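Here you get one chain, nothing else, as structure tokens; it is the form predicted on its own.
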């Protein structure tokens, strides 16, 4: 059976949204979300930014009759701050002088017609993970790229992946020459494989999809 693909209007909304995920990785994420949606559990994203990848998760959730949950403090990751290559001045709140991607994110979902399929949690990943009480059919880690942030995301959220569910990690760069913000996502990817709890399903450029097959986290 061919992997699920989004409708043209969803793919167009994805491409039009602010963000950094290439189309090929987006299609792989959508296919994983569509598969995981069959478990009937929420599809959870760590690292919302402006909602580019959230569009794909939300549409997959809509198709599966579930919901996408996306977690972000909306103040930007380290590489998105002023002076860094991935800083976008349009995301700065002029009143407080800090990044605030929440308004852009809300506009992104509204334009895509997907607001009702998303629960947006505004908060820091470790704090939200501590109070999250259930399982998720899919956890997509695409947050901060320091070792501290990536480790916190993995330790906080990987245990919530349901048996048979999927853990998806973005920006996995095995070769230091190819990386752009550090290899922390690669290190948590290796940690997930070494745990015995996850088995790799697919690799699409820097996107890795792993299935929860054991209890060893």
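Positions refer to the first chain, counted from 1. If you're wondering where the values come from, they're calculated on a predicted model, not measured in any experiment.
The form predicted together with a small molecule exists for this protein as well; it is not shown, and the discussion that follows is about that form.
Between 34-42, 61-69, 47-55, 183-191, the stretch whose residues reach within 4.5 angstroms of the small molecule in the predicted bound form through a non-hydrogen atom is 47-55. When contacts are judged by a 4.5 Å heavy atom cut-off, residue 126 counts as touching the small molecule in the predicted bound form. In the predicted bound form, no heavy atom of residue 207 sits within 4.5 Å of the small molecule. Of the heavy atoms in residue 143, some are within 4.5 Å of the small molecule in the predicted bound form. A residue is said to contact a partner when one of its heavy atoms sits within 4.5 Å of a partner heavy atom; residue 91 fails this definition for the small molecule in the predicted bound form, lying far away.
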